[in-house]
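Below sits a lone chain in structure tokens, taken as the form predicted alone.
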């Protein structure tokens, strides 16, 4: 079967964007991606959207298509937290590879800074906890990830310095990206001295909250000839799901990323050692550390020391989150995961400028939603 291809990619400005709206960011990102592909809106026959905190709707994809004035043959929304963007990519690939669509637009965006109050943001995120077994005890998203961090530190010897090294490396990448939300200097000492959010996680161990949107066009292989950009193949995708609530997780050290990545690597016919650049969901520093090892890029207990040694930098063994990730580039809901895919496309096109990984041919992307609950991985390749 011919592989699906990413033929258009675009992300808006990110950070604090006064006057922005959910639908406005969706529309800007969508129009940008379609133009990047050299297509017209009339060429789009499939649309997949995510979800919104600021403009929630049971049928957000229908609302978006109405807003843009388009009538695709296929239209639906997906809600899987931070795994949403990768799952949208996987679904778009399935649609074009099966012949149901020729050009599928996937889009996400939200104005989470300017469109939500602090109390509203806290209330929305509190819904992650189990209604009976977690919420009555005051669980929060950072506290849930702190549980994972404590267990991982105890079992595999990870240290605060290892976590800090991940945050610092992401900031170094962001400093090379003109659109990144945070570009100021950051040191390991800064991270370790910063305010505790939920021990052992400090504020610099936590992702940003941002306004922003992003979109991709996924095309059938034969339809890709109608587009103008250097094309990127979707070589293989996979999902893995072990739980929803952290109190029900079968393990605090093994998660569905192990399964999702194994499936994606198998379908692509490659291994972790073949990947040139990785763009992996980093809601917290511990998120990335756990996933780097579970996916197989590093042995257990080795990712933290490797981060300290510069392995995740441009000259390292695995350049990772080269745009700065959620920790420093920006995180606007489902669009946060889309930013990782956009960066992978830039890397494979050779258009990442100062953060370009030399001769990048294979990229790995991964998203996870909830408390390391839903996982989706993909391997992308340069045509």
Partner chain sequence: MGIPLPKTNADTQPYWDAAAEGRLIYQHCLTCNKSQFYPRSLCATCHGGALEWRESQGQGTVATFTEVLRAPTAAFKELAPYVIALIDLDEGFRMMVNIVEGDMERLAIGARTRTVFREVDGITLPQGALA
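Just so you know, these numbers come straight off a predicted model, no measurement behind them. Residue numbers count along the first chain shown, from 1.
This next part talks about the form predicted in complex with its partner chain, which is not shown.
Quick check on residue 133: any heavy atom within 4.5 Å of its partner chain in the predicted bound form?
Residue 133: yes, in contact with its partner chain in the predicted bound form.
Check residue 192 for me: does it contact its partner chain in the predicted bound form (non-hydrogen atoms, 4.5 angstroms)?
The answer is no: residue 192 has no heavy atom within 4.5 Å of its partner chain.
Is residue 184 one of the residues lying within 4.5 Å of its partner chain in the predicted bound form, judged by heavy atom distances?
Residue 184: no contact with its partner chain in the predicted bound form.
Is residue 229 a contact residue for its partner chain in the predicted bound form, using a 4.5 Å heavy atom cut-off?
No, residue 229 sits far enough from its partner chain in the predicted bound form that none of its heavy atoms falls within 4.5 Å.
Heavy atoms within 4.5 Å of its partner chain in the predicted bound form: which stretch among 210 to 218, 196 to 204, 295 to 303, 99 to 107?
So the stretch in question is 196 to 204.
146, 180, 223, 78: which sits within 4.5 Å of its partner chain in the predicted bound form by any heavy atom?
Only one option qualifies, and that one is 146.
Among the candidate residues 175, 116, 74, 252, which is the single one with a non-hydrogen atom no more than 4.5 Å from its partner chain in the predicted bound form?
Answer to the contact question: 252.
May I ask whether 40, 62 and 66 all come within 4.5 angstroms of its partner chain in the predicted bound form, judged by heavy atoms?
Not one of the three qualifies.
Listed by sequence position, which residues of 145 to 159 have a non-hydrogen atom within 4.5 angstroms of its partner chain in the predicted bound form?
Residues within 4.5 Å: 146, 147, 150, 151, 154.
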